[in-house]
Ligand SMILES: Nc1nc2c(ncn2[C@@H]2O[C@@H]3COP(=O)(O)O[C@H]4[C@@H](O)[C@H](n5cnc6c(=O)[nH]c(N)nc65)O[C@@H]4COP(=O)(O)O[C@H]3[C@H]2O)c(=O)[nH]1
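We begin with a single chain expressed as structure tokens, specifically the form predicted on its own.
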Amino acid sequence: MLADPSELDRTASNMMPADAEIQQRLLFLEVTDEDIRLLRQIHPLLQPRLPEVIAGFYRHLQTMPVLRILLKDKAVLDRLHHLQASYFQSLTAGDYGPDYVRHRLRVGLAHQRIGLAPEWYIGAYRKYLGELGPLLQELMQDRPGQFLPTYNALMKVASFDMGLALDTYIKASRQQLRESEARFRGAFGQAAVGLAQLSADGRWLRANRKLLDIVGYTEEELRGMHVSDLVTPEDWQIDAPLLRALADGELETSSREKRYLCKDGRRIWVKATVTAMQPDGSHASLVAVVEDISQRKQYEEELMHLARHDALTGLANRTLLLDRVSQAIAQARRSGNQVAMLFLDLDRFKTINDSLGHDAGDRVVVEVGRRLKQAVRDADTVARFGGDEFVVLMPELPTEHIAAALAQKILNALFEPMLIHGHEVAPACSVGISLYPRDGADGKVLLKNADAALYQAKAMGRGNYQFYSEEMNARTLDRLTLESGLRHAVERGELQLKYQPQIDLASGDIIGAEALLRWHPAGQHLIMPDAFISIAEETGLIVPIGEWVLRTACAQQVAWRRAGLPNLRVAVNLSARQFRQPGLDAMVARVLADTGCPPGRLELEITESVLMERPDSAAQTLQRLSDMGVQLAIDDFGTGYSSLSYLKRFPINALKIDRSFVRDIAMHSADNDDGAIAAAVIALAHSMGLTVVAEGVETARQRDFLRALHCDQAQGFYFSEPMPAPALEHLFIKGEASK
């Protein structure tokens, strides 16, 4: 598209040759006064015929497809037509001074701006002169002798004009080149990335400010260096063949992330993209774009660290641990050594969290991580799996005794008290150990087996370490099978209650029964509580199971009463988790209401160890149950650490002497330890107005001894083993309980 006329005027004025140069050009073309006179003489005759010449001129331009595209805009074509008509009118006017030259430059610039290349432009002149020859001959028929001199004069002026037109192309191109060079220099110097030009052999030729800032060298210093001077030897081994391929034209571009060696000794990450500008052998020139990616690399490293490390302790996480296990196993295969995995968690960590708060728990975890790092070898990896679980990976073990020694060292380190929020805390732990290749061929199997060994360590009293064995795995599988079946035991109707009579020792009458839980999976043997109650406690299944037991026992009490039996009391054990469950009193009230069981006919038994975990909270829960009219008994009394001051605060009705104190007592051994304890418990309970129930009575001598001590009630195999509800009903009717 044509430029603005005022812009054409400014550009043409800037290109104007001096008057002396104009005269010199006319002199070189031999433009004489006679030539000017001849042209002025033909000028008035030529003007009426110019429109047809100009029209033919433009028709010829549009015979070429490429020119038709350039001249397709009608506005452009009209303006060019106007300029050309004005030029043709002045061509033979005989005035070839500065105004003529300026106008001629404007015409040339207009053609140059629309993209009319010089070859088409000169061709158009040829067409113009060719068309004008016959026309001049026709107009000068009466002066044939002047035709050739006039035509020759016209060609001289046309040549003068073509020279001016070519000037516009040459000078405009030079101006564009200067502007392009200026823009390049500005962009090169101020670019936000490092830019450089290198020789084919890797010498620095020029560099922009950004690159100099990145590497810390001046441009003069850089020009005396080779590209290999800025990279590590490891990177140069990769870069050298790439540089040769670029110089030889075998490769157009190479882009790599690498480290540059800065002048101040730092190593920074850059992304360097090198492109061959003229890949013609040894004369190739290379252009490098260098981007400082140090910050991005730092972010990537931080993200990678977060993805592979625990956020609280900074220790390795599961992902990083398993990766290092794979490496350790691969190394152990080559060396023939072992790999040990120690799985540990803290004992009673939940108590710390519940009593001191989660912030204190976090501080304990951090301190444990620190102690573990201090305890292990440099080659070992300490990982945190979340919560209070940690894993230590020990590669390259010549003997398993080293793992055992570290496990003991860890136990000792964590047994030392730590001060947390002003409280001394000693979070002892248990440790399970598995070994490669004996206990597994990969990290996941080793981890699973170390966890099984940890479970065994906890089962053996905590605060110890255990190596994995196949028997542990079998026990773990049995436990998983039990847990899976237990989750569906209620809905499948596999749970059942058996009832053990409670006897009034003075009269021998049955006054109540304790409900005892049994599990009978379909097609299997009966499972006793000691095999599944602990699993139910750990998994939380004890809560719905406990409610089922309570509801079933209360419904049975109502059924016995409706069957005509005396108003028997039914005793139900509450587990530790049940007792700590929020809303226990509401659940008991709901069951009593649903079944119609009188509150006074329900006795809830709670072990003293559960009560003493949180005596204040326990007293509040017991009071709410007592206010409902429910009878309360402390089970297994004498096996815990009861405080008499707290015992007086509990609204209990009965104490149950644990079977361990009943087992060895006899009529003629009142001075033995168990007998003395039983006597003391009975006396203490009676002084507090409590009923005493002895458990585990298996002989007449035990019964008689307890009668002599004025124990109130008893239960055990001597009187009856636990039985189904109908059997107890039959026993009561027949009066078959031993008296």
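Each form is matched to the other, and the largest set of C-alpha atoms that superpose within 1.5 Å is called the rigid core. All of these numbers come straight from a predicted model, not from anything done at the bench. Heads up: residue numbers just count along the shown sequence, starting at 1.
Just so it is clear, the following notes concern the form predicted in complex with this ligand, a form of the same protein that is not shown.
The partner is not drawn, yet in the predicted complex one stretch among 444-452, 354-362, 424-432, 566-574 has residues with heavy atoms inside 4.5 Å of this ligand: 566-574. At the 4.5 Å threshold, heavy atoms of Asp530 reach this ligand in the predicted complex. At the 4.5 Å threshold, heavy atoms of Leu706 stay clear of this ligand in the predicted complex, well away from it. The shortest heavy atom separation between Asp636 and this ligand in the predicted complex is within 4.5 Å. Taking non-hydrogen atoms only, Asp388 never approaches this ligand to within 4.5 angstroms in the predicted complex.
Checked against this ligand in the predicted complex, the residues Val549, Leu211, Leu611, Ile510 give one hit for a heavy atom within 4.5 Å, which is Val549. Out of the listed residues Arg590, Arg659, Lys156, Arg203, Arg659 is the one that sits within 4.5 Å of this ligand in the predicted complex by at least one heavy atom. Residues Glu695, Gly696, Val697, Glu698, Gly716, Phe717, Pro722 are the members of 691-724 with a non-hydrogen atom no more than 4.5 angstroms from this ligand in the predicted complex. After superposing the rigid core, the Cα of Asn573 is displaced by 2 Å or more between this form and the one not shown. Here Glu547 counts as shifted, since its C-alpha moves by at least 2 Å between this form and the one not shown after the core is aligned. In the core-superposed comparison between this form and the one not shown, Met16 has its Cα shifted by less than 2 Å.
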